[in-house]
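Below you will find one chain, with nothing else, as structure tokens; this is the form predicted alone, and questions on how it binds or moves follow later.
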Amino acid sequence: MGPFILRRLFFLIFVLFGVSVLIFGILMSFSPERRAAAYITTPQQAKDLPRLVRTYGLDDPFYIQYGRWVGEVAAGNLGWSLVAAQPVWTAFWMYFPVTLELNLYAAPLIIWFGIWLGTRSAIHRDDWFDHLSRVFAIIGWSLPTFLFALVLLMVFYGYFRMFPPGIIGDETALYIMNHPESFSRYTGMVTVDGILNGNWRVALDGLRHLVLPVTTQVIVVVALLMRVMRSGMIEELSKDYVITARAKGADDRTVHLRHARKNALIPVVTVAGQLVAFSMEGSIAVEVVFNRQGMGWWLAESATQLDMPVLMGMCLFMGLVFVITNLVIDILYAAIDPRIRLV
């Protein structure tokens, strides 16, 4: 397994190279003056764009500019973010924990509910539970995320005054600001930092603000995973080894959970891994509607303002995430099915 992992990590270099060339090529379609806007950090610099073009060599040939950019990225300089008004690398570590915290709670629920619902739906095929779960899947998958998020926000916060938007309440934010000596930001995730500091007031307030975003993420995304699990289970339950196991006297629990479900997990692992990878980019609809300024919010704002350094940095980040995710998926394949060998 070691050589396999090293080989896949080596291929990561070529993946990131291809992604960077593609994105940089798109960036070069903009005029030098437009690209110079990415280097503006003060109002005075905006008055002399030609000087910025000459300073940063934005009118040089493609290969020279690309080599210069790669060197800057290797040194940890991803450019300046107009949206965050600070370097991209610094802003990334400000927004990333917000998205990571959301997925820390949503991803396990999505995987657990998806596998459980799909398994139960396949076992009770064509009865009331199966029909109900399929209706849920169709509604959850077809309903626009932003619409479902708005409905939850209007009902629970607008009417019941529960589960407010944002990351943390104003009172809790003031408490943290006024007591820096008793509250350390270890991870940037409110609930985790609250637990690590032993401050349950902060942790519970962070959880209160996470309820609606996590609920939206789970209901919308779990539908796909449930459908894949159901299809896989139905296919496995019709195979000869299941019939043989029943003929040998195996009970339903053994047949369903130890044999059929384990074999049906292969496609589920693939889909779950891709969903987790996509979610690390941030759910734009969820973060915008619930005013959680994470990666999705940052990406949406950067796209509308053509904040090119951010967009290029996010593309490189997603390339890295997908390569690592696919590596983990391949390792899980071998763990689930011993017949699969990593070569």
Partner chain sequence: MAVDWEKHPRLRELRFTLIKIFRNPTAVLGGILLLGFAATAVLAPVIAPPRYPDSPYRMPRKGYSPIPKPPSETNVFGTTSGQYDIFYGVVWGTRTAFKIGLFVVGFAAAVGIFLGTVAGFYGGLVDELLMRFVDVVFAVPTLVLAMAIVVAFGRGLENIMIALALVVWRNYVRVMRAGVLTLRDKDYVQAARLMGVSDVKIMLRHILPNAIYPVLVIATMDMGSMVITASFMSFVGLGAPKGYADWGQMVALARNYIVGPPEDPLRFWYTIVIPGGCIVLFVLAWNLIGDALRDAFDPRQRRR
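Numbering follows the first chain given and starts at 1. This one's a predicted model, so the numbers in the text were calculated from it and none came from an experiment.
There is another form of this protein, the form predicted in complex with the partner chain, and it is not shown here; the text below is about that form.
In the predicted bound form, Ile329 touching the partner chain (heavy atom, 4.5 Å): Taking the distances in the predicted bound form, the answer for Ile329 is no, it never comes within 4.5 Å of the partner chain.
Touches the partner chain in the predicted bound form: His179 (any heavy atom, 4.5 Å): No, His179 stays farther than 4.5 Å from the partner chain in the predicted bound form.
Non-hydrogen atom contact Met154 with the partner chain in the predicted bound form at 4.5 angstroms: Yes, Met154 is a contact residue.
Any non-hydrogen atom of Arg134 within 4.5 angstroms of the partner chain in the predicted bound form: Looking in the predicted bound form, residue contacts with the partner chain include Arg134, since a heavy atom lies within 4.5 Å.
Gly166, Pro108, Pro144, Gly76 - the one with a heavy atom within 4.5 Å of the partner chain in the predicted bound form: The option sitting close enough to the partner is Pro144.
Answer option from Ile138, Leu174, Leu204, Ala85, heavy atom within 4.5 Å of the partner chain in the predicted bound form: The option sitting close enough to the partner is Ile138.
Segment that reaches the partner chain in the predicted bound form - one of 209-217, 93-101, 116-124, 156-164, heavy atoms within 4.5 Å: One stretch meets the cut-off, namely 156-164.
In the predicted bound form: members of 228-257 within 4.5 Å of the partner chain, any heavy atom: Sequence-ordered list has one entry, Glu235.
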